[in-house]
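Only one chain is shown below, in structure tokens, and it's the form predicted alone.
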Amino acid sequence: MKVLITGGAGFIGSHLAEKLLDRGDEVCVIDDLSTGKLSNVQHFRNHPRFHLAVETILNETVMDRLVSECDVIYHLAAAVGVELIVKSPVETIERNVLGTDVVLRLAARYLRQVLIASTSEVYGKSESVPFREEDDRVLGPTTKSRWSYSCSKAIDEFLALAYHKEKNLPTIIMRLFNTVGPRQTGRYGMVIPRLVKQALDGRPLTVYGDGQQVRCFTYVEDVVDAAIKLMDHPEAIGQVFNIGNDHGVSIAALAEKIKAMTGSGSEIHYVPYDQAYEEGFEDMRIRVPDLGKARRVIGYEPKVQLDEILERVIAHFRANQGQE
């Protein structure tokens, strides 16, 4: 297969590229390095079946050539992280919506199958736990920029499903729930790398809000395996799938666990949302997926659980001298 990965120098994209190269595919990555890094792909950059374009996916001339030359597209390029979303709402909306528009229009031109990475954020403030793919969405007002990410990714989903329905474009959507692992940075608010780095540096571990918000964490290799299986499975076309882990943990308990596993003497410092993000910031109290559909179609089961995830992330940060 000739595979195009948008955002392929990012955290998830680089792991996906590596996995596809290992199985014998030819992989082309396009990334503008706004959140991705060359260091993520450095160890396989000289691979004869790997190609890198440092460019934005909004450059339609470049994208037209790359799409025409590939067999399938993994569309991972997006604005990521709550801090970036709150600070740069224009960038969030434009990069997500306009970028996906380019990918889908060109995919339709050359009839290329597309897998789009979406997010559990689309469920918003829903309390219908565990979240099922067909559940209603409950969102805050447009005056809260925090919800712009959820809406932009929902538009991506609507557009992908519309292309499938109207133009018979083979599209697949996977909604990710807090993917973590080596190469992820805490720079944009990702909680595990941020807390691990703080613990290893001997700084206070910052927990936002009261720490009772519940999240489920999925190891990046489980996510990559699921993405490849979805792309390869005919029954997945035109469908939406939750991909994550269905074992939740409060952020306060997560911070305590990271303290213990790193042997850190750091204190846990609780920071109000208004100080961490912006005045009136709203959060999702609990975010747990129903994985029944993914289990049924591709036999999905997350293999790496939280303690092992933390062990691997801590080892990665220690090996890299605590640098992001």
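None of these values were measured; they are calculated from a predicted model. Residue indices: 1-based, along the sequence shown.
What comes next is about the form predicted together with uridine-5'-diphosphate, which is not displayed.
Look up in the predicted bound form whether residue 64 has a non-hydrogen atom within 4.5 angstroms of uridine-5'-diphosphate, and give yes or no.
-> It does not: once uridine-5'-diphosphate is placed as it appears in the predicted bound form, residue 64 has no heavy atom within 4.5 Å of it.
Taking heavy atoms and a 4.5 Å cut-off, does residue 215 contact uridine-5'-diphosphate in the predicted bound form?
-> So residue 215 counts as contacting uridine-5'-diphosphate.
Verify the contact flag for residue 121: yes if a non-hydrogen atom of it lies within 4.5 Å of a non-hydrogen atom of uridine-5'-diphosphate in the predicted bound form, no if not.
-> Answer yes; at least one heavy atom of residue 121 falls within 4.5 Å of uridine-5'-diphosphate in the predicted bound form.
Considering only heavy atoms, tell me if residue 283 and uridine-5'-diphosphate come within 4.5 Å of each other in the predicted bound form.
-> Within the cut-off, so yes.
Can you pick the stretch from 102-110, 128-136, 199-207, 223-231 whose heavy atoms fall within 4.5 Å of uridine-5'-diphosphate in the predicted bound form?
-> After filtering at 4.5 Å, what remains is 199-207.
From the list 153, 183, 175, 146, which entry has a heavy atom within 4.5 Å of uridine-5'-diphosphate in the predicted bound form?
-> Looking at the other structure, the residue within range turns out to be 146.
Let me know the one among 243, 77, 195, 73 whose heavy atoms come within 4.5 Å of uridine-5'-diphosphate in the predicted bound form, would you?
-> For this set of options, the contacting one is 195.
Who in 259-278 is close to uridine-5'-diphosphate in the predicted bound form, meaning a heavy atom within 4.5 Å?
-> Read in sequence order, the residues that approach uridine-5'-diphosphate (within 4.5 Å, in the predicted bound form) are 273, 277.
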